[in-house]
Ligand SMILES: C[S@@+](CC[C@H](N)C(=O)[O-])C[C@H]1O[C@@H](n2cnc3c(N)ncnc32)[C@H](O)[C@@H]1O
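Just the one chain here, laid out as structure tokens, in the form predicted on its own.
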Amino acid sequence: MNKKKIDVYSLIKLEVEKLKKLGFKTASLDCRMLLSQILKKTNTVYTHQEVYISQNQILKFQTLVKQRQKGKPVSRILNRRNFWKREFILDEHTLDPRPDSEILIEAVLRHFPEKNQSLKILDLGSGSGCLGLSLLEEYENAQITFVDTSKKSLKVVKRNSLLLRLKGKLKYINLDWHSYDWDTTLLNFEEKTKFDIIVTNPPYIPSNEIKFLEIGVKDYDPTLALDGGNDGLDAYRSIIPRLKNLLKPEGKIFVEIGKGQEDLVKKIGLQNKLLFVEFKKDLLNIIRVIVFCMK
């Protein structure tokens, strides 16, 4: 297949302009990432870099840009997303990790600064596994249990753990936190051993607000990972009452929440014999994480 040498700027110029007209603020980066995918480059190509490319590859690149024009996130086109220190595989069954969720990792590191500890960690509603696997990278002696209601999501977690070559003691448990005694079932899997750390990013968007979300979220993230019921708090009502049964006496719980939900989620925790520790804000100064411990 004949390939010609051409600079990236010339290749992407028209496609970048198309995206800019549609209001995409990261048009150049999006195009360079998509072009890198077609060229099978490990790193994203630079604007003024010269590359060898065939006409067939140019057509494939333009096809990917058309998907982006329709609002499909680059991470969904590529089926991968950078989170914390690594790149994670995604598919249609997993939530696209957001930078805001990295606040959970920061909060855990603040409360558990000694990284050589043999911690037992629960990633509840694990999705792609980005939270638990990121924590395993920080705490190499940790044991991580991934729990998700979707068997297909747990398969993605396994793929990510293999690709990242993280060899900790990992468990993958298919469990629905809406079931009556899910905590007892989980403890049976764990041979009654409780957790030092529980992290969870449950669905918290009120059902009637999902249709107003940006296209990249409402059309491409799984509804199961977004829909928090009428007021957005259904998952917290199912999860929080059971967490005290899963936590060691000196353990801590780190919960991601939606904008403006902090007082309501804090109240649910207090009503269920948990002690409020602190709130953590995200990059936009919005309270994004609430930390609990045992009373």
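Numbering starts at 1 and follows the sequence shown. Keep in mind it's a predicted model, so treat the numbers as computed, not measured.
Below, we refer to the form predicted in complex with the ligand, which is not included among the displayed structures.
Checking E114, E214, D181, D176 for any heavy atom within 4.5 Å of the ligand in the model of the complex turns up a single hit: D176.
In the model of the complex, at least one heavy atom of S101 sits within 4.5 Å of a heavy atom of the ligand. Put simply, I198 is far from the ligand in the model of the complex: not one heavy atom of it is within 4.5 Å. Contact check for P73: every heavy atom lies farther than 4.5 Å from the ligand in the model of the complex.
When the ligand is considered in the model of the complex, L224 lines it closely, a heavy atom lying within 4.5 Å. No member of the trio G232, G258 and V265 reaches the ligand in the model of the complex with any non-hydrogen atom inside 4.5 Å. Looking at 185-193, 158-166, 135-143, 199-207, the stretch with residues near the ligand in the model of the complex, meaning non-hydrogen atoms within 4.5 angstroms, turns out to be 199-207. Interface residues of 126-141, taken as those with a heavy atom within 4.5 Å of the ligand in the model of the complex (partner not displayed): S126, G127, C130, L131, in sequence order.
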